[in-house]
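Given as structure tokens, the chain that follows is alone and in the form predicted alone.
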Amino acid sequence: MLDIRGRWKGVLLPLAAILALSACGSKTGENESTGGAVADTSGDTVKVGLLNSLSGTMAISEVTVRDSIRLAVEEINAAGGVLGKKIEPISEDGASDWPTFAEKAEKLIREDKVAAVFGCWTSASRKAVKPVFEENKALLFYPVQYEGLEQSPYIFYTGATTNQQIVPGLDYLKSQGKTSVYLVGSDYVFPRTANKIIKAYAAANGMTVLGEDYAPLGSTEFGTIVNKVKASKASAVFNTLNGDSNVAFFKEYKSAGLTAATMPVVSVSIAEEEVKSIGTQYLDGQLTAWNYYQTTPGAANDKFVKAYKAKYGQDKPTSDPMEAAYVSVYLWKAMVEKAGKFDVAAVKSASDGVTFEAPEGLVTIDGATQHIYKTARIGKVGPDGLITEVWNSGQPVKPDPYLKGYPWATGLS
């Protein structure tokens, strides 16, 4: 199974090949063109899977993603459903454990016979379930920014890839005269791959990487790392910590006398929900790189924020991963309706060019990569806990998961 760095330990994930299609599934006639698992669409409803960490170190981030998926499902059902069928969500807890994610994915596909699954956060969880979806020829919609250098025929990536978040974050630091950076991340696949990309960017753009440190996911010990960061006198810190480790890191950062004014931190996994959990007094003035903020202007976002707060509480903020998850359900609906059926092959074939007026702005599916065009945004955390945009790309950025358009990235994949 995958360990915390996403490496195989030799224990096999559950294999779809050992399971036969059930009579109930095969009578629906769906997905016959791929020979994969069959969604049960024989009744008045169609099931979809929600696969998120509802417990463990990643629950701080993933519970609200599950909530936003539920909101989209309820809205779609209230408007008549998909192809005349109401959506029935089946929620499973990945428990911040990558083998558990794989087991739950298998269950949703094979036992529950869902038409699609929405979820995962960490790249380790995504890589754990990737072979499950590919062997079963089932669809996963992955809603979180990630390190790129990946493409799967059975995954739609609705969060940012590298050229839509990490590269713009570095470009912004460069534009602000930052010539050196210290890298801090959680010890698993996303931060290590992201930092490999950051080092290649730095070498080609006159930026020096003065240090690189990792902490186990869920770690609360950051005294040594922060002391090293402070001693480096770097112009900025690029933060790829995930989950509740950010709480301990930023408390230690402030305790060491480091501030956004003296050494700004650019974070790519801290959104409004995490700001609230960490405490605004530790994050005031710090930077984030995303594609959406609660403060993003537009009628679609006003509607989304109002609906989310009405359902979950006026004190509950919205965030980029929540929005990308919400959008993924609407994109799946549009793909199914364009295809005229729930069959996976037909839905995939219909995906290219599908658009949605999302809270973040217009998004469009790039059928070639199964990523979406997204506007890059740099934000600054305010004392009210909200993030205000200080820069954006001006238009949606075409996804480039393998960074083919960047000469400095040659050889990274």
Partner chain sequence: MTVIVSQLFTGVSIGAVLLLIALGLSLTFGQMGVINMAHGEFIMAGAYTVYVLQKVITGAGWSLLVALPLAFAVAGAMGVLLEFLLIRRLYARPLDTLLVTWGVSLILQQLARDIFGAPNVQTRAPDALTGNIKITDDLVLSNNRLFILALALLAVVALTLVLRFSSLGRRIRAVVQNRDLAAVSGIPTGRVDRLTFLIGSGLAGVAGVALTLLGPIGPTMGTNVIIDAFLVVVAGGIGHLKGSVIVAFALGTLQSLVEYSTTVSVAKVGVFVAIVAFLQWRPQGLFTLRTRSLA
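Numbering follows the first chain given and starts at 1. Just so you know, these numbers come straight off a predicted model, no measurement behind them.
One more form of this protein, predicted together with the partner chain, exists but is not displayed; see below.
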(message) Going by heavy atom distances of 4.5 angstroms or less, which of P297, G313, P216, G340 would be at the interface with the partner chain in the predicted complex?
(response) P216
(request) Could you tell me which one of L210, V305, V247, L83 places a heavy atom within 4.5 Å of the partner chain in the predicted complex? (result) V247
(request) Select, from the options 326-334, 157-165, 253-261, 72-80, the stretch whose residues sit within 4.5 angstroms of the partner chain in the predicted complex by heavy atom distance. (result) 253-261
(request) Could you confirm whether Y172 comes within 4.5 Å of the partner chain in the predicted complex, counting heavy atoms only? (result) no
(message) Is it the case that D284, even though its partner is missing from this view, gets within 4.5 Å of the partner chain in the predicted complex, heavy atoms only?
(response) no
(request) Report whether the minimum heavy atom distance between P153 and the partner chain in the predicted complex is within 4.5 Å. (result) no
(request) With heavy atoms only and a cut-off of 4.5 Å, decide whether L50 touches the partner chain in the predicted complex. (result) no
(message) Where, within 267-283, is there a heavy atom within 4.5 Å of the partner chain in the predicted complex? Residue list please.
(response) E273, V275, K276, S277, I278, G279, T280, Q281, Y282
